[in-house]
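Below, in structure tokens: the form predicted alone, a single chain.
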């Protein structure tokens, strides 16, 4: 157990050191006379959300991923680690933003149960793997250009999720090992106040965002859940903020709590960003007070 903790701390340390090295190289490259990839402002494309879409760490925003504008294509790839007292999550993914109108994303999550897996008879380190394909479409508004209006940028999206542990999910009461979330969100940037506000309404049947399947003995219907983010831009490179994500409670044997986080994001260039957060994920299966560090590195253009 102690060795496992050391390995996870080493992973996080390597993550931070790696992004510092990559960002240093990227800043040097930005000092050359090469043409810019995009005209978007830093951090206005969001970071990579836990399910792969552009947004905050916990919830998607209405922005389209990457720094592509109306006649450009942008793309990002990311690595995320969530370190909790009794579990950990590793995630990789990528997204492509097409002409500031359509975003397509893919993410793979690996949820490691550590000692809890042994206590449940699944085996120490039993892992749930989930693949997520996302699509987001901007309907109207522009988060940067609409500064003379109260109109936010508004998008709709879907995230289809497939879990690899169908038999275990059925045993705990989940009705399916795959499902699709649908959402609509609005994001408004107040440049004069250096403030970004986002609100998302998600229709979902996912248990722990799909890691424990979809639907259950308590509920098997889509329910609307609210998600919100607030970010304050300290400078063109730094942002701090907080998020809230409402969760359903479909399984009788696995109480589910709402999620919260407080984050800091650093984007030294348009090619690299690092997000660190303290996340409170509440109860997960038989373990309460799952709070810990969320770290994500994103590279792209």
Partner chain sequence: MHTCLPRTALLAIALLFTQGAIAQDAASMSPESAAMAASAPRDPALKPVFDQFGGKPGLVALMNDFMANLMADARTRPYFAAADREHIKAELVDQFCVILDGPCTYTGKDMEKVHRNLGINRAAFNALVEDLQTAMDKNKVPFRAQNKLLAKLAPMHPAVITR
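Quick caveat, the model's predicted, so the values are computed rather than measured. Positions refer to the first chain, counted from 1.
Quick note: we don't show the form predicted in complex with its partner chain, though the next part is all about it.
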| query | finding |
| --- | --- |
| Location of its partner chain contact in the model of the complex, chosen stretch of 74-82, 145-153, 116-124, 166-174 [non-hydrogen atom, 4.5 Å] | 145-153 |
| 4.5 angstroms heavy atom contact with its partner chain in the model of the complex for residue 255 | no |
| Exercise: residue 271 in contact with its partner chain in the model of the complex, heavy atom 4.5 Å | no |
| Proximity of residue 108 to its partner chain in the model of the complex, heavy atoms at 4.5 Å | no |
| Partner contact for residue 137 in the model of the complex: its partner chain, 4.5 angstroms, heavy atom | no |
| Contact residue in the model of the complex, from 104, 186, 230, 92 (heavy atom within 4.5 Å of its partner chain) | 186 |
| Any residue of 228-254 that, in the model of the complex, places a heavy atom within 4.5 Å of its partner chain | 232, 233, 234, 235, 236, 244, 246, 247, 248 |
